[in-house]
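Shown next as structure tokens: one chain only, the form predicted alone.
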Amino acid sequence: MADTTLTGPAREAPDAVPQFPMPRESRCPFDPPPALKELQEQAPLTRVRLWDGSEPWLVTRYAEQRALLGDERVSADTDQPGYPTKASPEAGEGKLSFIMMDDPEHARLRRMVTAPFAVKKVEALRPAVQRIVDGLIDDMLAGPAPVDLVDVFALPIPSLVICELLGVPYEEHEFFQENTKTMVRTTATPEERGAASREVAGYLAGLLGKRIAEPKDDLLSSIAARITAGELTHQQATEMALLLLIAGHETTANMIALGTLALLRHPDQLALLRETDDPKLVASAVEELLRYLHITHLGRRRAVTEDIEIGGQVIKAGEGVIMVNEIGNRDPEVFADPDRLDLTRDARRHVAFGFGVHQCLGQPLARMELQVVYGTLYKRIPTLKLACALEDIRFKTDAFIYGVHELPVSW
């Protein structure tokens, strides 16, 4: 096992333990909360208090985050003692398929759906995604302005792609998108979240039943075949399909809209994308925007199963840790001038997709979709601009996945 002992001081639990999560600064909507920056400057690990009074370790520096995410003694299993509890008293808890499991069961289930997200398979989809993006831009240009870019562009792209991959009829997109919004909203009640989850799960369970009877060339049919073979229960298969459907559209849609807003606020960087024909620069821009924005802001939560010495501190077995990757991606020890958006930066080391065995399964697909979007939209609509004041934009401070509720644009 790799040595995870890292040098650097850590702060013992102070009398006034800071509350987590911390509020964002409304004047700086693309930056992590100022309190996170202060904690990172003070120590790599800090005790924080959650809403229920528990006090896990908050890990704010890049090196310690990567070390812990890659350590077998750090568990993603929500049933482990010390696992940091849910984000709020309203937020529901529970396992979301294999991402909240440990090996070997995590690896067994993950392997069942890895093939469609392999780089070569994803690259084969690029022409189809390009056609989707161009078609949506054609529709925008043919219609009236302003429009809500989230509604007419950012959300349809990944939804169409994941529906095609899974074999879910896109005609049902409003149904699953509305329910997904409820599932990821931190202020939703357990009853609301549970009802939304049951609605989508029931729908997917029905589709899996149809694929068992009549298989097709899609991912749902592949998952259904595992039920027939006795490798998955119907419940496990439904949970897996639900995870892929949610993760396949919600995260990328938010990155498209939030990334566009960030570029509109940094016209010098937007100009680089608008004027380049270099796919390497477009790919670099995607990595930098993933680093700069990092849209999952409640941290990757884990429980420690054995004592670990790291950052000058011993995290004891049964204690919880929260890796806040949004501030890890702003670590000045790794990224020079980290609060500056620089599309020419080599940002490939970011932890936006996590690290270790649990890093995001769909990252090749997300990267490809974002490359097509960022490499096309601003060239096709070079005069794209905000159609409202920044102060009027509603940011998703009430959700597990950060972004904007609407993005009015004109040209």
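For every residue, the number given is its place in the sequence shown, counted from 1. Predicted model only: the values in this text are computed from it and were never measured.
The next section is about a form of this same protein that is not shown, the form predicted together with a small molecule.
- For the three residues Thr296, Ala352 and Cys360, a heavy atom within 4.5 Å of the small molecule turns up in the predicted bound form in every case.
- When the small molecule is considered in the predicted bound form, only one residue from Ile315, Leu204, Ile132, Leu243 comes within 4.5 Å through any heavy atom, namely Leu243.
- Between the options Val74, Val122, Ile162, Ala257, the residue in contact with the small molecule in the predicted bound form by a heavy atom within 4.5 angstroms is Ile162.
- Although the partner is absent from this view, Thr251 contacts the small molecule in the predicted bound form, with a non-hydrogen atom inside 4.5 angstroms.
- The small molecule in the predicted bound form is approached by Ala366, whose closest heavy atom lies within 4.5 angstroms of it.
- Taking non-hydrogen atoms only, Arg110 approaches the small molecule to within 4.5 angstroms in the predicted bound form.
- Though the partner is left out of this view, Leu232 does not reach within 4.5 Å of the small molecule in the predicted bound form, counting heavy atoms only.
- Note that among 176-184, 99-107, 190-198, 271-279, the stretch whose heavy atoms approach the small molecule to within 4.5 Å in the predicted bound form is 99-107.
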